[in-house]
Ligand SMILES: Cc1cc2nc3c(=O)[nH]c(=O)nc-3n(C[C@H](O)[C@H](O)[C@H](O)COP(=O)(O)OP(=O)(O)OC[C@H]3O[C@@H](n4cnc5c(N)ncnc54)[C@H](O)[C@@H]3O)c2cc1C
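This document opens with one chain alone, in structure tokens, the form predicted on its own.
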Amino acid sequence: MKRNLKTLATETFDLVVVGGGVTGLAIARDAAMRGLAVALVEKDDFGAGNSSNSLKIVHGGLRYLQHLDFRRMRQSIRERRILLATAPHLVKPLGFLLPTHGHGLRGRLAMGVALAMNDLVAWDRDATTDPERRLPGGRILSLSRCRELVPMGLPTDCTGGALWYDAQMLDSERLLVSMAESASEAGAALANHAPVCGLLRRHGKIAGVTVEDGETGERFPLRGLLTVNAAGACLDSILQLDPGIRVAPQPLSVAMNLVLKRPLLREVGLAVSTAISVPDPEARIRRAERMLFITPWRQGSLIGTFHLPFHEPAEEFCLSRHHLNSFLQEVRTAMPWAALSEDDIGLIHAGLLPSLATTGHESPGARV
């Protein structure tokens, strides 16, 4: 993979992608593998933004059941299946346990129905015969079995648990680099440290971007028949380069994940409800709580993802004591039995996401 800016300046591409995170690289890779001429530019290094800040979960869309959004579930299941098949050394199955409560929507019966529907929608979830990469069906577990899987503790009113399987990235950075290499091998021209400083127009339509070489300061046009803005939290900064584009500012959300030094879990991940009320206007089956996930991670644990609204320009984001204290308070309220303290934290992943809502609700979106 070579950084060849001269090639970018002299050709007209079918597709120009702005942003070298996992979303932009996936778009570039897919388009190049379909035979399109593709160019991608990234202002920093590949994956320097939120692609390095995640819970490392490749989910199959179980949460979209509350929206009855089966189309989105199928899309998530397909992408999870592809990653398990094409990157088996970097993605592995992982079980997740959601404690059950009472006899309502979080009861054993209702959750059993939800798991059965999930298995039905995901009938083709396995793309390999390798037993180490197959996803078992969901099932309801007894309270005693849940305690065996989660010895650190469970909610006091827990009646058992719903177990389903998703996937976990063993090394998200390596996966991103592999995606970049695959895109390059398919013919995409990629360049990092190449910020966009203007938008090109032809006959009233966007026809590419103006790019600055971050190493020399030289500017050049990058022409394309179609331009995709995959700049993440900086997508508004790209749109604002053209005064002819008038859109409402994209709300942003602070997204945080904690890497803990001690292992809270070993066999499965755990989903817990928090005390934060999160109205979801898209939900057909109403849910009011935000969920946190704790997963085993190397010799420790990962916990997240915590969201707070952010109302300043993306360039001004800086992790604050307020962000960390708010996250810790939510964790301690949701799972007091873990007795989490700041001394347990080995690393903080924090960044900004485009959001569809101005609450703390986890609803990241994107605009082209």
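Note that the structure is a prediction, hence the values are computed from the model and not measured. One-based numbering along the sequence shown.
There is also a form predicted in complex with this ligand; it is not shown, and the following applies to it.
With this ligand omitted here, the record of contacts in the predicted bound form names 224-232 of 110-118, 84-92, 224-232, 139-147, defined by a heavy atom within 4.5 Å. Checking 77, 255, 272, 154 against this ligand in the predicted bound form, a heavy atom within 4.5 Å turns up for just one residue: 255. Proximity to this ligand in the predicted bound form, taken as a non-hydrogen atom within 4.5 angstroms, holds for one residue of 44, 330, 30, 69, which is 44.
Among heavy atoms of residue 194, some come within 4.5 Å of this ligand in the predicted bound form. Using a 4.5 angstroms limit between non-hydrogen atoms, residue 57 touches this ligand in the predicted bound form.
Using a 4.5 angstroms threshold between heavy atoms, residue 326 stays clear of this ligand in the predicted bound form.
Although the partner is absent here, residue 61 is not a contact residue: none of its heavy atoms lies within 4.5 angstroms of this ligand in the predicted bound form.
Using a 4.5 Å cut-off to this ligand in the predicted bound form, not one of 99, 290 and 345 places a heavy atom inside that distance.
In the predicted bound form, the residues of 1-36 lying within 4.5 Å of this ligand by at least one heavy atom are, in order, 18, 19, 20, 21, 22, 23, 24.
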